[in-house]
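A lone chain, given as structure tokens: the form predicted alone.
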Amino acid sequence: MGRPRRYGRAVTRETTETLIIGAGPSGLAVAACLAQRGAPFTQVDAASAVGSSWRGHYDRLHLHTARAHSGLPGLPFPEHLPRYPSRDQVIAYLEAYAAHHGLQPRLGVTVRRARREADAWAVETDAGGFTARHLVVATGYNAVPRRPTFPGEASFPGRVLHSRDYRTGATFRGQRAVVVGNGNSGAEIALDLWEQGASAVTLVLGGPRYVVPREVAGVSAQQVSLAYARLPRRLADAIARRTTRLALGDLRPWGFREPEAGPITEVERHGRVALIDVGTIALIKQGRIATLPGLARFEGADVVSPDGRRVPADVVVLATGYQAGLAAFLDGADAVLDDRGYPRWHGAACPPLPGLFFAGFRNPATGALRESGLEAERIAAAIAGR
């Protein structure tokens, strides 16, 4: 597709009923649901292949949710896969999903600007323009790395990298590693570094967070969360708080702190899911992975915690999260985003900006892929119904 032709001040754009931005799990799910309803659409993605966010994750990553509850609409995960598929298995599934539904997103197309114009959406890309009645934004929960800087970092002689650029602990075998961040990525990267032979591993815990095992007695954390979802929030919080303490014991001696709000409220109000442990906690209790309460600054080759503890390091991995980055291309974003930069509406039309839908911007304890599928069904039904 060439660039839009200009006649005087006018710009010609390709017209489509629905434009989907993104060909990750959520974008593919919406496209499949629209295709099943016979609703026309066009799909674009800046990457060169579907599922680009999964392709960029570290090698050790597995789904933290069970295969049986993580399939997208119209095609479950293959039954021969393990209960928690690997990164490569998820990528293969997404490729198969696109092929199964006959999806052909236009890849390598970057959206520059999307704005409401009269009764439609005008979208400019580096490969041309579109006019669409409906706009589905599925650019990903983890689109832009959140990369803080610290005093003294510029003079640190080792390597500092964001978790987006981390692939395997084998790269750092024999080195002293510090991982900043007590979310799922930080905990699993710390585990990977230890398994791959780092000489010392320290996990910087940061703020309060609940910790739960991936499964207990064959019941996955996701299945437990699905049961909690049926209860009143106050009751679910009380039960969840109690069971998280029973599952792994009191983790305060190792520096872990619980949030003031209950586990369910933490997710719904602040978007902070529990750390789903896949083996890191046992190594911490055994003294094989150390912990720090925070990172205040670098001093020479050391990282220094707020309470003055010092840890020498050769490499520091910042598992400090991501931002959605929606305001960078979406005009009027302030009217539909919360204070964290994520949509206020999920899987439903946004009243302030007619014809706009967001897909895949939640990280619920019940499973991001599962929720993406449910959102896709609602979005497709709303679009087809109009």
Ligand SMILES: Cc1cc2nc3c(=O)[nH]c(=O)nc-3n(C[C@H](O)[C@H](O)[C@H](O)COP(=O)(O)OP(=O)(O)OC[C@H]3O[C@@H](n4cnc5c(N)ncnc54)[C@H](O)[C@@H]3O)c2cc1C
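Here the structure is a predicted model, which is why all the values come from computation and not from measurement. So that there is no doubt, residue numbering starts at 1 and follows the sequence shown.
Same protein, other form: the form predicted together with this ligand, not shown, and the subject of what follows.
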| request: Spot the stretch among 192 to 200, 141 to 149, 205 to 213, 279 to 287 with residues whose non-hydrogen atoms come within 4.5 Å of this ligand in the model of the complex. | output: 141 to 149
| task | Name the single residue among 109, 75, 120, 274 that comes within 4.5 Å of this ligand in the model of the complex, judging by heavy atoms. | result | 109
| request: Flag residue 67 as yes or no: does it have a non-hydrogen atom within 4.5 angstroms of any non-hydrogen atom of this ligand in the model of the complex? | output: no
| message | Residue-level contact is defined here as any heavy atom of the residue lying within 4.5 Å of this ligand in the model of the complex; does residue 185 satisfy this criterion? | response | yes
| said: Against this ligand in the model of the complex, would residue 368 count as a contact residue? Criterion: heavy atoms within 4.5 Å. | reply: yes
| message | Residue-level question: is residue 373 within 4.5 Å of this ligand in the model of the complex, judged on heavy atoms? | response | no
| query | What residues of 16 to 41, in sequence order, lie within 4.5 Å of this ligand in the model of the complex by heavy atom? | reply | 21, 22, 23, 24, 25, 26, 27
